[in-house]
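In structure tokens, the next block holds one chain alone, the form predicted alone.
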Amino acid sequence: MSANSISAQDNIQLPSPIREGGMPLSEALSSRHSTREFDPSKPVDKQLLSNLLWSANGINRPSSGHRTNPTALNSQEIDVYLIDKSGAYLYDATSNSLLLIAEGDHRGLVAGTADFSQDFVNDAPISLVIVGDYSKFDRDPDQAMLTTMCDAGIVCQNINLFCSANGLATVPRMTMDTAGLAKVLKLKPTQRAILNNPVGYAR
């Protein structure tokens, strides 16, 4: 593991995100594709990780606390969790840091369940799990869940495009052990893991 890669600790302060660079959006769209073969020997360093998480769900207007990802009624009901071989972390956009939720390698829960699992996920150095809290909407529960899922999809696309623009590999997925992740991530009953993106370098 390189000096810049993350390791298990209570809090990981990330460097300030770099908001410039990468390829133009049109080129990122043109080159975007799903990758299911990752090189487990190549970690994602802290600076690139900070840029990735900020792009996914970070604060781009500090005066208002508004995010890079739009949400209905600015509810900000989406959280991003990072899971790697050392632990499971919550991305805190306000402090641009990772908060340790659970130690240990829980990437197998992202890979799938006992009935169906995609083992390539375990080769990706990190997986980002997109979690929505539909209780933040004062509306019909079905509509609240649908809105939360749509907002989660926006975060997922932010991740896909950042990876495309910055030489990282990823694939958007719905397969995962949602019950197992809910327990490990200590989710509330109104929170649900909706999508996930394993991220790394292509093999």
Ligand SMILES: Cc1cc2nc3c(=O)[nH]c(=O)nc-3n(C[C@H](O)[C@H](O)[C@H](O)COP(=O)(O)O)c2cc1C
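Note that residue numbering follows the sequence shown and begins at 1. Keep in mind it's a predicted model, so treat the numbers as computed, not measured.
A second form of this protein, the form predicted in complex with this ligand, is not displayed here; the remarks below concern that form.
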- Item | 4.5 Å heavy atom contact, M174 and this ligand in the predicted bound form | yes
- Is Q118 a contact residue for this ligand in the predicted bound form, using a 4.5 Å heavy atom cut-off? yes
- Query: Quick one: is A193 in contact with this ligand in the predicted bound form, heavy atoms, 4.5 Å cut-off?
  - Reply: no
- Query: Does this ligand get within 4.5 angstroms of any non-hydrogen atom of H66 in the predicted bound form?
  - Reply: no
- Query: Which of K46, K42, K136, R36 has a heavy atom within 4.5 Å of this ligand in the predicted bound form?
  - Reply: R36
- Query: Among 137-145, 50-58, 66-74, 25-33, which stretch sits within 4.5 Å of this ligand in the predicted bound form, heavy atoms only?
  - Reply: 25-33
